[in-house]
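The chain that follows stands alone, in the form predicted on its own, written as structure tokens.
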Amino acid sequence: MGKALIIGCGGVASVAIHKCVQNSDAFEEICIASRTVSKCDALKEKLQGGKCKITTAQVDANSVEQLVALIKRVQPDVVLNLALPYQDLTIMDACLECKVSYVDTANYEPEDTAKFEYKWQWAYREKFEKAGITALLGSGFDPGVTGVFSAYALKHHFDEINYIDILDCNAGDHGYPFATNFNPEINIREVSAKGSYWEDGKWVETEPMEIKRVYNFPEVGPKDMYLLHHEELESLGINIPGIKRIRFFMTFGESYLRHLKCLENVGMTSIEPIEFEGKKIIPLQFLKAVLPDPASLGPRTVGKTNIGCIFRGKKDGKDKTYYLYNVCDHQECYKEVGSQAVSYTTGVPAMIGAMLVMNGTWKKPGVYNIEEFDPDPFMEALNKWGLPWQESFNPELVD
């Protein structure tokens, strides 16, 4: 049993906190900390009364000083960072000073540059090794479960993996003309950036939404999907031997794309500050404020998600194909934890990663991506905690 400090109290954090409370054999105590402590208090009020003790705290995750003071007061066994990606480095700095292990779900990106990559966090490897603590990067679904799937496929089904296609399908319908299923600022920065994929040891860059495919997803049906850049491509290209190409595709509906293009055309997706009534504002942050809160989508979202990986490679000298995926139902997630499936599929792996680091199953000094650990305990926990995986040995391929 152990104690976790959870920083953040949005949709993903709410799911992870629900799951920590359910998993009270592992999480004896949790502290929920956020800039807006009233959100933490409301969640505590809803969930307290079981075996897992819940406390709350106010913290500015941009302040190393405040974070260090909080960690020293709480004395956690692990810090689970579910705040914004811009805050990864300040939280890592605080963990280093306090010698406490660290887990997150998304890699760092500077607030003023729409570019996410691991170089900033990988630069902490030697510091974490010397401190004797673990940093587990990307323990969500993608990145996260997709890396665990890759490690599992390599361990149990391949001698080498040559091709990976990561397919992320959200077939949910929330009824709004335009809304994002996770933080609008992060979502729009991600999908409006140039696409890229890893091939033959180098990056191939594409225009945003340039490459489109149609895929018939199990339990969902045919959906349009588009090639995007995604952070796990960077680490998998290094950590999975034999890789020749890795791509990432995500589904989008026509209504979403039309609205996004219109917003781009009028400058609302820009991250460049502008003058408005004597103040500097960032258009994308203003847009985030007027869009529906992703945490509010749960009761009105119906349909399913299907996220997985198609692997092609060799086993015993023969070609082999293998598809690992999870299907998640929005309404079932809402019944269980009050959130839609996009938050659920990120929050459950966040809890699992924190548990495995906290209990020592995945504990070694340094900074690691999730595919660098033994996948079997994580795969077992996915089945236990609400994200059962399925497999196919003859899947439809993506050209």
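Heads up: residue numbers just count along the shown sequence, starting at 1. Bear in mind the structure is a predicted one, so any value in this text is a computation, not a measurement. In this text, the rigid core denotes the largest set of C-alpha atoms whose superposition between the two forms falls within 1.5 Å.
Here the subject shifts to the form predicted in complex with a further copy of the same chain, a form of this protein not shown in this document.
Engineer: By the heavy atom within 4.5 Å rule, which residue out of 285, 321, 296, 75 makes contact with a further copy of the same chain in the model of the complex?
Structural biologist: Partner contact (heavy atom, 4.5 Å) among the options: 285.
Engineer: Quick one: of 302, 268, 204, 214, which gets a non-hydrogen atom within 4.5 angstroms of a further copy of the same chain in the model of the complex?
Structural biologist: Of the listed residues, the single hit is 268.
Engineer: Any chance residue 119 has a heavy atom within 4.5 Å of a further copy of the same chain in the model of the complex?
Structural biologist: No, residue 119 is distant from the partner.
Engineer: With a cut-off of 4.5 Å between heavy atoms, is residue 178 one of the residues that contacts a further copy of the same chain in the model of the complex?
Structural biologist: Because a heavy atom of residue 178 falls inside 4.5 Å of a further copy of the same chain in the model of the complex, the answer is yes.
Engineer: Indicate whether a further copy of the same chain has at least one heavy atom within 4.5 Å of a heavy atom of residue 200 in the model of the complex.
Structural biologist: No - in the model of the complex, heavy atoms of residue 200 and a further copy of the same chain never come within 4.5 Å of each other.
Engineer: Is there a heavy atom of residue 99 no more than 4.5 Å from a heavy atom of a further copy of the same chain in the model of the complex?
Structural biologist: Judged by the heavy-atom cut-off of 4.5 Å, residue 99 is well away from a further copy of the same chain in the model of the complex.
Engineer: Specify the contacting stretch among 274 to 282, 309 to 317, 127 to 135, 214 to 222, defined as having any heavy atom within 4.5 Å of a further copy of the same chain in the model of the complex.
Structural biologist: Among the listed stretches, the partner-contacting one is 274 to 282.
Engineer: Is any part of 200 to 235 within 4.5 angstroms of a further copy of the same chain in the model of the complex by a non-hydrogen atom, and which residues would that be?
Structural biologist: Contacting residues: none.
Engineer: Just checking, between the shown form and the other one and with the core aligned, does residue 292 shift 2 Å or more at the CA?
Structural biologist: Comparing forms between the shown form and the other one, the residue 292 CA shifts at least 2 Å.
Engineer: I want to check residue 155: does it shift between the shown form and the other one by 2 Å or more at the Cα, with the core superposed?
Structural biologist: Shift of 2 Å or more: no.
Engineer: If I superpose the two forms on their rigid core, does the C-alpha of residue 98 end up displaced by 2 Å or more between the shown form and the other one?
Structural biologist: No, the C-alpha position differs by under 2 Å between the shown form and the other one.
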